[in-house]
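Just one chain is shown here, as structure tokens, and it is the form predicted on its own.
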Amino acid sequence: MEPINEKISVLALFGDKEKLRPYRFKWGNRIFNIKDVTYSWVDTLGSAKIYHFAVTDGATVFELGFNSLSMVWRLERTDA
């Protein structure tokens, strides 16, 4: 996986019991529709929780991260 670490815009849903799920994101001038979340996990960075998601648009795998303190989404890695 190639490291990217760029800020992105994400359309996500927050559901019952603090569940968070990304559905679509914009990277550069492209919009990617997430077909599947293949794995998710939580890390901490100081007092912030970082929610990580391995997602695919059906062709490419991406790792997205959401910082709960700054409320910023980042594209962390991709296999593109």
Partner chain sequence: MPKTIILVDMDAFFASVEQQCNPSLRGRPIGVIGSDKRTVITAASYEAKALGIKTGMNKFEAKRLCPEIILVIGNNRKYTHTCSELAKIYARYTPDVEVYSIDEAFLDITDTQHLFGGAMEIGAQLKKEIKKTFGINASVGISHNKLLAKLASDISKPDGLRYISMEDAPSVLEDMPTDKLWGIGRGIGNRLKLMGITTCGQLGRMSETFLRSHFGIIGERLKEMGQGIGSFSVLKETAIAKSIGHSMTLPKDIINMRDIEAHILKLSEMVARRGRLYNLLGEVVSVVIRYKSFKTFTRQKKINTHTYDTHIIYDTAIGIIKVIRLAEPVRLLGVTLSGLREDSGQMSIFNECNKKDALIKSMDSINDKYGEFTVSWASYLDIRRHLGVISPAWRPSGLRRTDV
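Residue numbers count along the first chain shown, from 1. A quick note: this is a predicted structure, and the numbers were derived from the prediction, not measured.
Form predicted together with the partner chain: not shown, discussed below.
A.B. asks: Using a 4.5 Å heavy atom cut-off, which residue among V72, L11, V61, L20 comes into contact with the partner chain in the predicted complex?
C.D. replies: Looking at the other structure, the residue within range turns out to be V61.
A.B. asks: Spell out, yes or no, whether the shortest heavy atom distance between L45 and the partner chain in the predicted complex is within 4.5 Å.
C.D. replies: Yes, L45 lies within 4.5 Å of the partner chain in the predicted complex.
A.B. asks: So in the predicted complex, is the partner chain close enough to E2 to count as touching (4.5 Å, heavy atoms)?
C.D. replies: Flag for E2 set to no.
A.B. asks: Classify E6 as contacting or not contacting the partner chain in the predicted complex by the rule of any non-hydrogen atom within 4.5 angstroms, answering yes or no.
C.D. replies: Flag for E6 set to no.
A.B. asks: Taking heavy atoms and a 4.5 Å cut-off, does N33 contact the partner chain in the predicted complex?
C.D. replies: The answer is no: N33 has no heavy atom within 4.5 Å of the partner chain.
A.B. asks: For the stretch 48-62, which residues lie within 4.5 Å of the partner chain in the predicted complex by non-hydrogen atom distance?
C.D. replies: Residues within 4.5 Å: A54, T56, V61.
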